[in-house]
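Okay, so here's just one chain, in structure tokens, the form predicted alone.
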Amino acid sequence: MKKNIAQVKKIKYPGFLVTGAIAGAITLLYAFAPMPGKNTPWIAPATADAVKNPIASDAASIEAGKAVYKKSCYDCHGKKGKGDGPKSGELDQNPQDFTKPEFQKQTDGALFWKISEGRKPMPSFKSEITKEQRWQAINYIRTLK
């Protein structure tokens, strides 16, 4: 009985070789994928831009936002929001300066999304502070000009 060529060349590969090949391919993809860097703009998705702040920007919410800011933002962004907080020098890149016009032009929804999601070196605050506190912090940040 003759064996056809496909049967002769059929080779079984151990699972670890296949797994290693897949891992290697993924590593190569990440090695050549563009990563956010110091000069990469951080743009929130359009869906975030459309979200409106449900917390009125009044004295009470601004004061509550200031307390959130002091606890969660001050160390990196500084007392006046200029990105010069006591821990800013430890970071690979400078924290955002909240007083710049280009920062203040962003929608509340975009800021809420960024605070929620984070991007290195800034952590996500989704589980650190409540939604209400994030909106209040935005109301306070709007006063830093």
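The first residue of the sequence shown is number 1, and the count goes up from there. In this text the structure is predicted, and so the values were computed from the model without any measurement.
The protein also exists as the form predicted in complex with a small molecule; that form is not presented, and the subsequent description refers to it.
Novice: Looking at the small molecule in the predicted bound form, do all three of 55, 59 and 80 come within 4.5 Å of it through at least one heavy atom?
Specialist: Not a single listed residue reaches the small molecule in the predicted bound form, so no.
Novice: Does residue 109 make contact with the small molecule in the predicted bound form, using a 4.5 Å heavy atom cut-off?
Specialist: Answer no; every heavy atom of residue 109 is more than 4.5 Å from the small molecule in the predicted bound form.
Novice: Hey, in the predicted bound form, does residue 66 get a heavy atom within 4.5 angstroms of the small molecule?
Specialist: No.
Novice: Does the small molecule come within 4.5 Å of any heavy atom of residue 76 in the predicted bound form?
Specialist: Residue 76 belongs to the contact set for the small molecule.
Novice: Do residue 85 and the small molecule share at least one heavy atom pair within 4.5 Å in the predicted bound form?
Specialist: No, no contact at 4.5 Å.
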